[in-house]
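To begin, one chain is listed below as structure tokens, in the form predicted alone.
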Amino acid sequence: MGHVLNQQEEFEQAILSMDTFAARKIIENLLESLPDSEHRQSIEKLVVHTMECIGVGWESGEVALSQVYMGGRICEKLLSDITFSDTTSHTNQLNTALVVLEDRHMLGKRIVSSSLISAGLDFADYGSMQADDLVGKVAQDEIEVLLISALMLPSALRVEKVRELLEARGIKAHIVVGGAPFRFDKQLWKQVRADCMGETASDAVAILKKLNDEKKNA
């Protein structure tokens, strides 16, 4: 266990220092030390844990937003370079989109994005959008699961507007929310009429995998 914790700490420091070479070397060493069947799960745990720790550091003022942004970019680049040898199929995955609603704070979205990529899950990255434009995009792309990240309360409250606009179009997309406002008020996700809430990036991965499994078994 000590070795794993040390490895995670080293990876986090490499990401915070924006040392892509060191971060890549840690991942390569991890892959070499494990059987192929454990590669995806181990890399997912490493990246999710690291990005969540960096997110906590940002919320406490110990990590700069630039470190969060660049850390996410580095993780996404490293993950995109990995070819996993497992045979996990995502052909039946629900059509998914990730978005920040009416806000320019991309912290949560970047953490969730890196986590989804590390888990081998496909999604459309919508960046930041207004409610009206977002619903139009959801309709156009036939999105089935909408992951909404919110850092500020006003943005979180706008989720209800998204639900109303979706219903007006007869769209039954599953809305999953996350971010600081929902962690502070455990009932807020219900008030804005989301379907569920994830407290962490790993929760988002678990929720999406669960929805995908339900679709396969339906």
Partner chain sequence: MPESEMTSLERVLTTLSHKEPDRVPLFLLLTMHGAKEVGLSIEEYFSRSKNVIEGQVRMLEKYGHDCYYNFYYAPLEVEAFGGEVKYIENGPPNSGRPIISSIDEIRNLEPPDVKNSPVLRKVLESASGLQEKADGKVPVIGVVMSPFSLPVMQLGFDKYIELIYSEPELFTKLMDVNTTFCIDWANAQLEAGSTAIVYFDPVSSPGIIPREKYLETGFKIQKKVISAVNGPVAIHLASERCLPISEDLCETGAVGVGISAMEDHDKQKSAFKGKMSLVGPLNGIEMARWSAEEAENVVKETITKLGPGGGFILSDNHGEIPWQVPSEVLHAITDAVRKWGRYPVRG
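Residue numbers count along the first chain shown, from 1. Note that the rigid core is defined as the largest set of C-alphas that superpose within 1.5 Å between two forms. Keep in mind that what you see is a predicted model, and the values were worked out from it rather than measured.
A second form of this protein, the form predicted in complex with the partner chain, is not displayed here; the remarks below concern that form.
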{"query": "Exercise: R183 in contact with the partner chain in the model of the complex, heavy atom 4.5 Å", "finding": "yes"}
{"query": "Proximity of A168 to the partner chain in the model of the complex, heavy atoms at 4.5 Å", "finding": "no"}
{"query": "Contact of M18 with the partner chain in the model of the complex (heavy atom, 4.5 Å)", "finding": "yes"}
{"query": "Heavy atom of K137 within 4.5 Å of the partner chain in the model of the complex", "finding": "no"}
{"query": "Triple contact flag E59, A64 and D103 to the partner chain in the model of the complex, non-hydrogen atom at 4.5 angstroms", "finding": "yes"}
{"query": "Which of 171-179, 46-54, 31-39, 148-156 lines the interface with the partner chain in the model of the complex (heavy atom within 4.5 Å)", "finding": "148-156"}
{"query": "Core-aligned C-alpha movement of S60 between this form and the one not shown, 2 Å or more", "finding": "yes"}
{"query": "Shift of I15 between this form and the one not shown at or above 2 Å (CA, core fit)", "finding": "yes"}
{"query": "Rigid-core frame, C-alpha of R73, shift of 2 angstroms or more between this form and the one not shown", "finding": "yes"}
{"query": "Comparison of CA distance in the model of the complex with shown form for Q130, G55, at least 3 Å", "finding": "farther"}
{"query": "Cα-Cα trend for Q130 and Y69, given that in the model of the complex the distance shifts by 3 Å or more", "finding": "farther"}
